[in-house]
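Taking the form predicted alone, here's one chain by itself in C-alpha cells.
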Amino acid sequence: MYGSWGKGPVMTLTMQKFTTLSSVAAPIMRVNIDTDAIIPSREMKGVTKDGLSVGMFANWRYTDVDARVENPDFILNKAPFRDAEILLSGENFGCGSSREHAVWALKEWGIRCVIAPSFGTIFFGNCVRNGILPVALPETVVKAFAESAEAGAQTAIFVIDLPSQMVTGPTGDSHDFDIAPADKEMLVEGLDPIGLTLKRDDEILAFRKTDEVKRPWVYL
C-alpha cells in the first residue's frame, strides 16, 4: 500500500477482520501468565513470525519438551479445546517481557480472542496490532465462563460481537466490554496502525501542501 505523502511505498499489514466469533473457549485459569510462559525464549529460533505455535506454552504442553511429547492433562491437548479460538485466563495475562512473539504464537495456533480480568499493557497492544481481541471482564465473570467451558466442552459455545462490544456465554448470559475506538477500528477493519493512518491519506496530503507554503524550509 502506498501513501501519497511519503517518498516511496508505505508497507502496511492487512489482517483478518474481526466482527463476530463463535467458538469453544479453552480455560487456562492461572494468574500472571507471562510472555515467557506463552512462548519460552528457547522457542524463538527463527527470524519470522512462522513456526512459533509449536512452542506455545511448551513447558506446560509437553512432558518432554525436546521430544514434543504431549502432556495429556494440558487443556490445549484435549478435544475440543485443540480447536479453540478463544482463551480464558486469570488476571495480568501477558505480563513480563515485551516480546511480540507471544502474540504471534497465539495467532498462529488459531487464538483470535483472549478473555481475562486484566492484561499486561504491552501485550494488550501487541494483540490488537496482530488481529487478536483482548477482552477484559470481571474475574467473577471469567471464572463462570471457565466453569461453563469445562462443563459443556463441545457444546459450550461463546459468541464475541466486537461491533456491539458484547460477549455471550454458553448459558446465554451477555457481558459488554470496553475497547478504545482506534483499537476497535483496527480489528473490525483488519488494519494495522499504518493502514489506519493511511485512511486519512487525503487529509495528510492536504495538510502537507498547506504546511509547505507556511514553512518551506522544513521540506528542503
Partner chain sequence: MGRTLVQKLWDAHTVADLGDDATLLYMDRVFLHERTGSVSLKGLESAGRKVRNPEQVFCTMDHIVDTLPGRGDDTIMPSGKDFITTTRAAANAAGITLFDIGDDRQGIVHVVSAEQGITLPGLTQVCPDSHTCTLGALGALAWGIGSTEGEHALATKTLAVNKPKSMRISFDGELGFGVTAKDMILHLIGAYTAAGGVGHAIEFAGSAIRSLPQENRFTVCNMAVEFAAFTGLIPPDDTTIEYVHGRPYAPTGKTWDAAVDYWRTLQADDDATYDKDISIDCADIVPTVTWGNSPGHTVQIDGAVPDPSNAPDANTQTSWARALEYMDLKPGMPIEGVPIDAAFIGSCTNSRIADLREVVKVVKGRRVAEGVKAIVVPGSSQVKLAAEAEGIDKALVEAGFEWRESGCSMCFYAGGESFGDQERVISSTNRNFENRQGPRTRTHLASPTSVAASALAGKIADVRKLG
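Positions refer to the first chain, counted from 1. For clarity, a rigid core is taken as the largest C-alpha set superposing within 1.5 Å between two forms. Small disclaimer: the values here were computed from a predicted structure and weren't measured.
Another form exists, predicted in complex with its partner chain; not displayed. Remarks below refer to it.
Taking 4.5 angstroms as the heavy atom distance cut-off, pick the stretch from 108 to 116, 144 to 152, 76 to 84, 127 to 135 that is near its partner chain in the predicted bound form.
Looking at the other structure, the answer is 127 to 135.
Is its partner chain in the predicted bound form close enough to 24, 64 and 69 that every residue in that trio has a heavy atom within 4.5 angstroms of it?
Not a single residue of the candidate spot has a heavy atom within 4.5 Å of its partner chain in the predicted bound form.
According to a 4.5 angstroms non-hydrogen atom cut-off, is residue 190 in contact with its partner chain in the predicted bound form?
Taking the distances in the predicted bound form, the answer for residue 190 is no, it never comes within 4.5 Å of its partner chain.
If you check in the predicted bound form, is residue 208 within 4.5 Å of its partner chain, heavy atoms only?
Although its partner chain is absent here, residue 208 would touch it in the predicted bound form, with heavy atoms inside 4.5 Å.
Determine whether any heavy atom of residue 17 comes within 4.5 Å of a heavy atom of its partner chain in the predicted bound form, and answer yes or no.
No - in the predicted bound form, heavy atoms of residue 17 and its partner chain never come within 4.5 Å of each other.
Is residue 46 close enough to its partner chain in the predicted bound form to count, meaning some heavy atom within 4.5 Å?
Taking the distances in the predicted bound form, the answer for residue 46 is yes, it comes within 4.5 Å of its partner chain.
Residue by residue through 183 to 220, which ones have a non-hydrogen atom no more than 4.5 angstroms from its partner chain in the predicted bound form?
Heavy-atom contacts within 4.5 Å come from 183, 192, 193, 194, 195, 197, 198, 200, 201, 203, 204, 205, 207, 208, 211, 215, 216, 217, 218, 219, 220.
After the core is matched up, is the C-alpha of residue 210 off by 2 Å or more between this form and the one not shown?
Yes: residue 210 shifts by at least 2 Å between this form and the one not shown.
Out of closer and farther, which fits the Cα atoms of residue 161 and residue 200 in the predicted bound form compared with this form, where the change is 3 Å or more?
Those two alpha carbons end up farther apart in the predicted bound form.
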